[in-house]
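Before any questions on binding or motion, here is one chain by itself as structure tokens, the form predicted on its own.
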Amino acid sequence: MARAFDTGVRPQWCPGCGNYGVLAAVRGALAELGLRREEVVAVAGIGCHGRVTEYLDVNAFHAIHGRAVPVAEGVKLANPKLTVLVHTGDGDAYAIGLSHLLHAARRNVGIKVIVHNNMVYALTTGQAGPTTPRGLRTRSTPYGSVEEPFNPLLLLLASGATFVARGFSDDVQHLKELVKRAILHKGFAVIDVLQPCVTFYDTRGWIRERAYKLEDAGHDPRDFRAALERSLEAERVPLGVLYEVEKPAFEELALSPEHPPPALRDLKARLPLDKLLARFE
């Protein structure tokens, strides 16, 4: 199992990078669930995380900045039987790609989004991003960031996500279980992974001092109000599943043979392409 889903390509991340932990957790989850490489598609965005498609031995697509989620939605709708994983960064998902992420959550498309959240734009040498804490000095904020970071967990809960979790890249075993649970969840699932950038913003010590497991705290992931309260915690860092609820997935509703969408009804009655084009001549 140690070599499962390993392409044999040596990762090029910085020594100690949190991406190693995420990669190990995903490989372990896929192996323990008994999935085959041809049953899985990984879509990656732009950022340090994006190279994961070179190291994870499954079908893969490397999307442009902020567009990993809509690409993954298209894959899932084309073949709902596939397990579709999205690897995306905090800048990729919570900045340029934010609207795609929130609407995928609202629709409940059955993709599994793993956000590599290191709170800076690490690939471009550590500029401030949407989750950068106020006051942090970065390449783009040498006197300290004056912006308040937004709360991705709160935002995703408010957008209707049916599975919202937070993991920590240093705790590979716990993260692996979260990935397994996300894959088994019917519908949209997102895991905000605290993945420290050891080069530009190393938060490992800060996280370890404040992190606790939601399952150890008696948290009920079916309780939406409790999930909201956990997402608002500032001095402590909750890890685990904040919220999970079962609802029909978008692809089930859109591609149902019993209730097909209007565009797929009465296919035999549709005009041939040449006659359709002739209408516009």
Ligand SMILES: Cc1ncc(C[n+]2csc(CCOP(=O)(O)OP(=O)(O)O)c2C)c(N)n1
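Numbering starts at 1 and runs along the sequence shown. Because the structure is predicted, anything quoted here is derived from the model rather than measured.
Absent from the display: the form predicted in complex with the named molecule. The rest refers to it.
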The one residue among 46, 214, 58, 249 placing a heavy atom within 4.5 Å of the named molecule in the model of the complex is 46
Checking 140, 151, 99, 124 against the named molecule in the model of the complex, the residue with a non-hydrogen atom inside 4.5 angstroms turns out to be 124
When the contact criterion is heavy atoms within 4.5 Å, does residue 222 count as touching the named molecule in the model of the complex? no
Using the partner position in the model of the complex, report whether residue 90 sits within 4.5 Å of the named molecule, counting heavy atoms only. yes
Is residue 165 one of the residues lying within 4.5 Å of the named molecule in the model of the complex, judged by heavy atom distances? no
With the cut-off set at 4.5 Å between non-hydrogen atoms, does residue 120 touch the named molecule in the model of the complex? yes
Using a 4.5 Å heavy atom cut-off, which stretch among 104-112, 186-194, 82-90, 202-210 contacts the named molecule in the model of the complex? 82-90
